[in-house]
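To begin, one chain is listed below as structure tokens, in the form predicted on its own.
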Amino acid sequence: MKKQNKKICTIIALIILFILVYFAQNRLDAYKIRILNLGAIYVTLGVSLNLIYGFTGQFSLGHAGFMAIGAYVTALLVLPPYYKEASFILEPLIWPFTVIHAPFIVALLLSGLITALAGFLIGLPVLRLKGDYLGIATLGFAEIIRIIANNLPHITNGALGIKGIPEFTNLWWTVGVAVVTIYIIKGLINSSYGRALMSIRENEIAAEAVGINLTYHKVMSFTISAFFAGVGGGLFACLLTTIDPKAFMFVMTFNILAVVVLGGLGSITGTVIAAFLYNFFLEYLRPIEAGFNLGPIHFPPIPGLRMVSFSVLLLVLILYKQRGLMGGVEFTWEGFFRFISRIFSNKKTTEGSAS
């Protein structure tokens, strides 16, 4: 398929996506829009984690920490000064945060850049570790960020958190950021840098033997992943309109990791599908916690049954689809049109045999 035709198909797909977002934002109720927003944010977070874990092969459990940095930076930048003065009860907010007020897009970019800087500083020492040791080190980093946020009341308002954050996040922002994230990371993966990252994943010794700078590429991957996690944290803060350290516990990293594993390591397409499925299932399984009837048997309300049910479904999927939903397969226009032509050819064959 020619490159020009691919561009035309991509433009048509983006126009269709634009129409769908417009319809959803203006026709759906607030509850359904909230689920779609969370799904799109999880696309950004999942694809960014897939870069470091699925493509580079570095087991990281620090995404909740990066989200926390991005969320707090965005909240402090978009809150008007008079809201800050009223919100910080334990201790007054320190200068210059008391006077800084930035537009939402500037706040998102700065939150991404500051988080990327944190990812760079953390990545330099911890990426010398491998496997489970790297996972434990990055998990420790995420916990350190959460504890710092809990004990810096003059910056984060401590355990009370920051409330009254303007609700800037909508489907245009979440879907738009998700599309940009996919475009940039897909472009990176298809470049020589991406091939170097995947070679590190397959065999670090062989990659280093052919001249690949392991430290440079690992830290680059970690930094880019942290940037998009910070942006995702900023969107998350302006969707919930309130944040506190408890919002960024390990369960947040687990949710993102579940999306990546569910979709398939090294599959951007799988991550996109899994991000929306994960949020839809979590919401539509919510009624079972209120108690339900299964034939003559009545199950009483059981808090947490929703997560147990979803975990069982995830376990069954992993047992039968160990490589995730897509198994490392990516969406391509050639594959899409090949699939469509196969459907029509099978339909013609069925009609011919029936006649």
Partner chain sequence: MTINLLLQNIANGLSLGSLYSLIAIGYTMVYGILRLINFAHGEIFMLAPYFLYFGVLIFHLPWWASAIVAIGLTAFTGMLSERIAYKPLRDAPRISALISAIGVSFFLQNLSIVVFSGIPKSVHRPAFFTKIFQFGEIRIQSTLFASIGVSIIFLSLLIYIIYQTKTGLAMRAISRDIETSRLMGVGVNRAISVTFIIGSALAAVGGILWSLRFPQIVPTMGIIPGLKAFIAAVVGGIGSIPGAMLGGFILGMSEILFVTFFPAMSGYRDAFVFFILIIILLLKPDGILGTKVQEKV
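Numbering follows the first chain given and starts at 1. This is a predicted model, so every value here is computed, not measured. Basically, rigid core = biggest C-alpha set you can superpose within 1.5 Å across the two forms.
Below, we refer to the form predicted in complex with the partner chain, which is not included among the displayed structures.
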Among 157 to 165, 268 to 276, 170 to 178, 133 to 141, the region lying within 4.5 Å of the partner chain in the model of the complex by heavy atom distance: 133 to 141
Contact test, all of Ala24, Lys32 and Phe104, partner the partner chain in the model of the complex, heavy atom 4.5 Å: no
4.5 Å heavy atom contact, Val126 to the partner chain in the model of the complex: yes
4.5 Å heavy atom contact, Leu319 to the partner chain in the model of the complex: yes
Any non-hydrogen atom of Leu117 within 4.5 angstroms of the partner chain in the model of the complex: no
Exercise: Leu257 in contact with the partner chain in the model of the complex, heavy atom 4.5 Å: yes
Sole residue of Leu93, Val261, Leu110, Leu77 within 4.5 Å of the partner chain in the model of the complex, by heavy atom: Val261
Sequence-ordered list of residues in 190 to 224 near the partner chain in the model of the complex, where near means a heavy atom within 4.5 Å: Ile205
Rigid core superposition, Ile33 Cα moves 2 angstroms or more between the shown form and the other one: no
